[in-house]
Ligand code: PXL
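Taking the form predicted alone, here's one chain by itself in structure tokens.
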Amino acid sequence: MKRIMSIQDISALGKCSLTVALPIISAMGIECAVVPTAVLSTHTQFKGWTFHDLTDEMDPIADHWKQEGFTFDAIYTGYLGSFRQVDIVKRYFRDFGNGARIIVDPAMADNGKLYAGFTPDFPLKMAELLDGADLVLPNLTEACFLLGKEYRENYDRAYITGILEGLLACGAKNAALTGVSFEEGRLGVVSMSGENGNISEYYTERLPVNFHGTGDIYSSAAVGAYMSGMTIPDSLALAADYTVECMRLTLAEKDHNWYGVNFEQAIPYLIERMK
């Protein structure tokens, strides 16, 4: 059985970060080891949430794993809360990355704005993780911050191609941009291979609603598919379809919660698609 390490925070309630990465990757038949960077009572769209920083636990976890001789087929990073955590993750890449695929989801921004708590210089630090990564999965906002480029809500394919080329120039072997739309009512992902420059696009129906955590669900499904042997374009397409299915099932439920999608109910769909 393959083993993926996922490094990101855990919100005890809220359906995001590790609380979606662990079950989704596990359901896809892959062991998921976790390095929690922080524990929150809920995700930050709630009010009054609590937060406990686990940065001081990250190095001891790595030390113990090295002592035990653990190896990993992939390292998948999500939300990282500080400069120090980025440096520690770089150590994980050095210590456990030999022969492992590195997948970076630089979860730090959306809709043209950084998440609360991040300073303007943080994206440049996060960009250090791109060098040598097998796949980077930013949304358009995150990609613009990583590259110091202007974020646009109106753009053409040349603009998207330029963003992807910029991510590859940072050292990533493959880059994908989520949340791309060239047509009303359609939303998708555009990726570029660093090996041959080939571009792949995949679009789904754009549902008229936004839910917290769908980016984490998308990335986790994409990582699981990629590590199951699918090509990167096929992995990205499967993840898009799964995320939309999660949203559809959520919207079909009367009085559905506002804070996340019913990804659990869509796991049978995901497993069937994996066949």
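These numbers come from a predicted model, not from an experiment. The numbering used is simple: start at 1 and walk along the sequence shown.
Note that the form predicted together with the ligand isn't included here; everything after this is about it.
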Next on the checklist: So if I measure heavy atom distances to the ligand in the predicted complex, which of the stretches 21 to 29, 263 to 271, 248 to 256, 6 to 14 falls within 4.5 Å?
Outcome noted: 6 to 14
Next on the checklist: Given that the ligand is not shown alongside this chain, does residue 145 nevertheless sit within 4.5 Å of it in the predicted complex, heavy atom to heavy atom?
Outcome noted: no
Item to check | Contact label in the predicted complex: residue 228 to the ligand, heavy atom within 4.5 Å | outcome: no
Next on the checklist: Taking the ligand as it sits in the predicted complex, is residue 40 near enough to touch it, meaning that at least one heavy atom pair lies within 4.5 angstroms?
Outcome noted: yes
Checklist entry - Heavy atoms within 4.5 Å of the ligand in the predicted complex: does residue 212 have any? => result yes
Item to check | Answer option from 92, 122, 79, 72, heavy atom within 4.5 Å of the ligand in the predicted complex | outcome: 79
Item to check | Residues in 88 to 117 close to the ligand in the predicted complex, defined by a heavy atom within 4.5 Å, in order | outcome: 107, 115
